[in-house]
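Only one chain comes next, encoded as structure tokens, the form predicted alone.
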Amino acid sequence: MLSGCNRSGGQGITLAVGGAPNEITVWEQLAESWTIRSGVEVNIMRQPTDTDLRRQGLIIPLKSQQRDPDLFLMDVAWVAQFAASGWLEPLDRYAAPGTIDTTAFFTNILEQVDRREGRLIAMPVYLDCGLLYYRRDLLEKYGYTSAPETWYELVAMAVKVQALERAERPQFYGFVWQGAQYEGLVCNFLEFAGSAGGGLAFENGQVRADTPANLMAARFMHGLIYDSKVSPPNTFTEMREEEVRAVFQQGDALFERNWPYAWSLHQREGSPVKDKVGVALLPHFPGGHSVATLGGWHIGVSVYSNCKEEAAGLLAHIVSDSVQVTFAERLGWNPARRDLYDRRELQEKLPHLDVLRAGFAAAVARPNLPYYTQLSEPIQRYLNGALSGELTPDAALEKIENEMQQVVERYGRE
């Protein structure tokens, strides 16, 4: 089968991807196999590893209406902006049996992220959500039979184990999480707040962030550092994903909030916590339920592509069960397809698949607004100020709501 897409250098379509070298290798092999299968040449446009640079590297050609790339990966937080800018080709006419089977995916994620105004504009490639990692051996050592279900239970366990473990490890902490001034802090806050029944609300052009549930969450986060002192003092200055993972992996923490990627690193040869780690849903406040912020990457077709049919064909292949299994087995990516979570071969590789499935089924996306980046900035800044002690949690939430309201009024009421 020959492609009808002509390029000055020959036939083919361009796929923009980024990531670590091993990820690029898998993408290149996928492109080669698809070319053999379909007769359509796939050119890989390699992007930087840095997420912000990847985003900028897509915005520039899309703003200038260039034909390349034909399809590209997007962080979950970009999809609304790209859709609102008119850059994404609707996929509905390709979503039929044998092409893009949407029934195999998590409905809540498609509705929160990949549909806009009733149209399918992207598809998930792999999923992330916040998880609680814990030291199974230490919980058993001190008489606990399971991971905590509430945040207060977590603090009680952390206080006890931290005090006893510090006899041999003075640098040991009960709970490490992402509190530095960056997007990870927003993700953590939404989990604490959501598990108290709160979150960020937008209705009739009005923002609701300064609420009792959100205040409970912000005060609790502050208290982890200053009251119970189960989280390290550098939580608000240094703690991002990798800093948190390193502390936990070197054996200096009981609990860790992190993304699913940390599992394979904790389990690798030479890891001090290998075979000592359990995974659970994040705790909640009494009367609430576990909430995990949705992460991951989605794929879309450029509205400016002159190879839309061929690009949609490759997109359908990328989200097919066989490719999703390959991603899981070779890269440890969590499948976007709900129907793969019962596969025995994946359960053997990722024994916490049931936890992941439950987390994704209840995952909450960040505000699906095209100007989300502008909303995130004041949340990061003022929440970090509350964690550092420069602001009270009450003052921080008041400032967050006021500045977010200004953003909404500037960029449009939705």
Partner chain sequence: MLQAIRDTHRYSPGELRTALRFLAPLGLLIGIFVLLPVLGTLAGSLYLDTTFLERRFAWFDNYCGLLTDHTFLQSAWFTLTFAAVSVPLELALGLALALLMNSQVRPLGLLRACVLIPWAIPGAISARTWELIYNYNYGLANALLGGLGIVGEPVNWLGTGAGAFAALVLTDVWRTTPFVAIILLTGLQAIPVELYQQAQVDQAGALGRLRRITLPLLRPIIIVALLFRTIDAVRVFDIIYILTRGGPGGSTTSLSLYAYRNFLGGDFGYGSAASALLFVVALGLSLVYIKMARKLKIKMR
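Note that the structure is a prediction, hence the values are computed from the model and not measured. Residue numbers count along the first chain shown, from 1.
The form predicted in complex with its partner chain is left out here; the points below concern that form.
> Tell me, which of Gln181, Ser305, Ser290, Asn188 has a heavy atom within 4.5 angstroms of its partner chain in the predicted bound form?
Selected residue: Gln181.
> So its partner chain isn't shown here. In the predicted bound form, which residue out of Ser33, Gln374, Gln347, Gln66 has a non-hydrogen atom within 4.5 Å of it?
Comparing distances to its partner chain in the predicted bound form, the residue within 4.5 Å is Gln374.
> Tell me which of 69 to 77, 167 to 175, 141 to 149, 320 to 328 has residues with heavy atoms within 4.5 angstroms of its partner chain in the predicted bound form?
Stretch 167 to 175 is the one.
> Does Met221 make contact with its partner chain in the predicted bound form, using a 4.5 Å heavy atom cut-off?
Answer no; every heavy atom of Met221 is more than 4.5 Å from its partner chain in the predicted bound form.
> Should Arg381 be classed as touching its partner chain in the predicted bound form when contacts are defined as heavy atoms within 4.5 Å?
Arg381 belongs to the contact set for its partner chain.
> Hey, in the predicted bound form, is Glu238 touching its partner chain, heavy atoms inside 4.5 Å?
Taking the distances in the predicted bound form, the answer for Glu238 is yes, it comes within 4.5 Å of its partner chain.
> Does Gln250 reach its partner chain in the predicted bound form if we count a contact as any heavy atom within 4.5 Å?
Looking in the predicted bound form, residue contacts with its partner chain include Gln250, since a heavy atom lies within 4.5 Å.
> Would its partner chain be touched by all three of Leu53, Gln56 and Glu390 in the predicted bound form, meaning a heavy atom each within 4.5 Å?
Contact check passed for all of Leu53, Gln56 and Glu390.
> Enumerate the residues of 62 to 84 that have a non-hydrogen atom within 4.5 Å of its partner chain in the predicted bound form, in sequence order, or give none.
Going through 62 to 84 in order - heavy atoms within 4.5 Å of its partner chain in the predicted bound form - the hits are Lys63, Gln81, Ala84.
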